[in-house]
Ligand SMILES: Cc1ncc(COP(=O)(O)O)c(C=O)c1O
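Here we start with a single chain on its own, the form predicted on its own, put down as structure tokens.
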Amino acid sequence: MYNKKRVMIPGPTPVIEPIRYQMGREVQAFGDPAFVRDYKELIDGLKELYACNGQCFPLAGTGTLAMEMAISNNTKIGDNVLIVSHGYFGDRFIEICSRKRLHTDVLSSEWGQIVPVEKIRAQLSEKHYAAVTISHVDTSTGVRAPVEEIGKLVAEFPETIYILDGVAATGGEYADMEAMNIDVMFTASQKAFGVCPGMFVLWANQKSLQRRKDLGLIPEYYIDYEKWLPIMQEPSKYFATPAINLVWAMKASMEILQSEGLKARYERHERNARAVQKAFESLGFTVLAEADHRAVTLSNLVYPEGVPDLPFRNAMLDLGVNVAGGLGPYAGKMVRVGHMGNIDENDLTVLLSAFETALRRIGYEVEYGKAVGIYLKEMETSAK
């Protein structure tokens, strides 16, 4: 029998019909006035939504390309960069910076914990850093960084660019570039925006745009701010072909975010996350991230003793639910579950029901309905 496949990994996330429709539209020329208008509305709308006083760049590419764009336009060979890492994807900045021939210092946390803000302050005080990087949420650990607190800290070092990797956060976790003193932020279409993979969005404030001007000619071509600025300001101009149908899909997603409101959207994510995390714990799983620093967009769950990784995830897949394995030191020891974007209570109820069934199929006894009941009760309580 065919089971509907529910993608409950940390990305890609499910694509709902209003967004899916835009992806399937008949393609238009990128110079068509109707498309030019749509692209401009996306660019300006995203800029306003996240309080960016500079420029928003929605472009074809992945989140990793956005990481390179952030580094390339804000640093030069020989600069110092401070990398604050809460896991696998925080560490990805290390190689990107190394290839750029930058000098890096890395502050790493134990997986599941954050780097204390005072430790970041002490490091920033030691030398001049051109930039500091941090992931809002690292999908390898499920840790959420104290973004606003770090922003206040970085404001004390006005020559340092604050780069926020929002790939697994933006559109779920709350962010306001101006209020949080974020200079550069980026995300990817397939995460909390709920669009298929293929686009990234990078926001650069005036401080970052000025840094790019001060650098002069940079080696990078496609991801150079200055190649794209004329197009972002007037999309009828040409530099490279835009991802036309993904622009439409991202516009539909943006309109959903605008309608819901960023704070309300975060609060919805938080209610779902805290309720489903309690439900997972009732089945014997341990949430890796410390309680005060847990993301609302995903949960990283350490298996109870006696639950084997691959048989469990295969049983979940047989039930039509796709979940992800652990990374790094937690490979084989953890399952990662996404609950971001347009995932709703019905999706999470099905997810928890599948958890219970899959556990029983592999010989780990749990009570049917226990986790589902806890989740629904928590959601009912939080709605009051």
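If you're wondering where the values come from, they're calculated on a predicted model, not measured in any experiment. Sequential numbering from 1, following the sequence displayed.
Same protein, other form: the form predicted in complex with this ligand, not shown, and the subject of what follows.
Not one of T160, D183 and R212 is positioned with any heavy atom within 4.5 Å of this ligand in the predicted complex. Heavy atoms within 4.5 Å of this ligand in the predicted complex belong, among the stretches 286 to 294, 225 to 233, 136 to 144, 249 to 257, to residues of 136 to 144. Of the residues P58, G341, G338, G63, just one reaches this ligand in the predicted complex with a heavy atom at 4.5 Å or closer; this is G63.
This chain is displayed alone, yet in the predicted complex one of W111, Y174, F312, F89 has a heavy atom within 4.5 Å of this ligand; that residue is F89. With a 4.5 Å cutoff on heavy atoms, A168 counts as touching this ligand in the predicted complex. Though the partner is left out of this view, Q190 does reach within 4.5 Å of this ligand in the predicted complex, counting heavy atoms only. Not displayed here, this ligand is approached by M67 to within 4.5 Å at the level of heavy atoms in the predicted complex.
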